[in-house]
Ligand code: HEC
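This document opens with one chain alone, in structure tokens, the form predicted on its own.
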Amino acid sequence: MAVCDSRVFLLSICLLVFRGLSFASQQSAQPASQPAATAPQGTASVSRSTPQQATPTEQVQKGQSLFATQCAFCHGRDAAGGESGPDLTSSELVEKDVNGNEIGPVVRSGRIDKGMPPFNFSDADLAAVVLFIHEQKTRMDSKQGRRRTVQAEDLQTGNAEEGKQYFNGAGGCAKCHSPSGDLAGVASRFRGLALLERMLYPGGRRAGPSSSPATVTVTLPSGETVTGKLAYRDEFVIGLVDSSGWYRSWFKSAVKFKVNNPLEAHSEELGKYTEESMHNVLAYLQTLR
């Protein structure tokens, strides 16, 4: 009886070992658990780090910094115009620009005839400058009248007595104008910035031939002279509207001509004014009420 019991006990032990080995083999044959499956993805995500892109605000700040060091000396720190550069926030080119397609070529090629050198910006730097210019344009457009604030005291920094001396002397203004004649009461008709613009651009900033008071006398090869209002002028052609209202034009190389433009002296004076003399003359004009 004891022998039988021992055999049964040994048989039971063998069955338990066999079942354990079978269970282990089944477990090893099953697919890997979820953590083992996701581990390779985690490893890949670490090795493929994506560089962070600058936010629009950071780009504008970068563009502002670049503009301040490279462009502000002509166009002003706010892109609204400087001593020698135009107001970019009111520029037609900026108005038409989409993502730098208009501004970019001008920046990289320059405008040598207007004193603007080319700038070798990287694509990223150029994009930042363009974004800053558009940001400034949006800001300026949001202001009533689309104009920067000009305080009255900003236009009253000159010396009226020195301005009078310049008017009668070096400026040559008295050759065409009289404080008791055409300029009598001018400070009552035009105030502040309007008076300054009238002084600098009496025909308007964008006045074309049609609004110009200039006249021209053309002498033909036959000796005949034709006089009329200057209507067109370029490197090759001179054109006028005669007293009958007819438009007539000639090649410059075939005729002689003389243009009489009473506003030409103002255009020439723009290149002679200093900041001081300009404000002095303005101060003098402000006394003519």
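Keep in mind it's a predicted model, so treat the numbers as computed, not measured. In this text, residue numbers run from 1 along the sequence as written.
The form predicted in complex with this ligand exists for this protein as well; it is not shown, and the discussion that follows is about that form.
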- Looking at the partner-bound form in the model of the complex, is residue 279 within 4.5 Å of this ligand by any heavy atom? no
- Query: So, in the model of the complex, is residue 56 in contact with this ligand at a 4.5 angstroms heavy atom limit?
  - Reply: no
- Message: Using a 4.5 angstroms cut-off on non-hydrogen atoms, would residue 129 count as touching this ligand in the model of the complex?
- Response: yes
- Is there a heavy atom of residue 157 lying 4.5 Å or less from a heavy atom of this ligand in the model of the complex? no
- Note on the structure: If we test each of 96, 77, 177, 139 for a heavy atom within 4.5 Å of this ligand in the model of the complex, the one that passes is 177
- Using the arrangement in the model of the complex, list in sequence order the residues of 100-133 with any heavy atom within 4.5 angstroms of this ligand. 103, 106, 107, 111, 114, 115, 116, 117, 119, 121, 129, 133
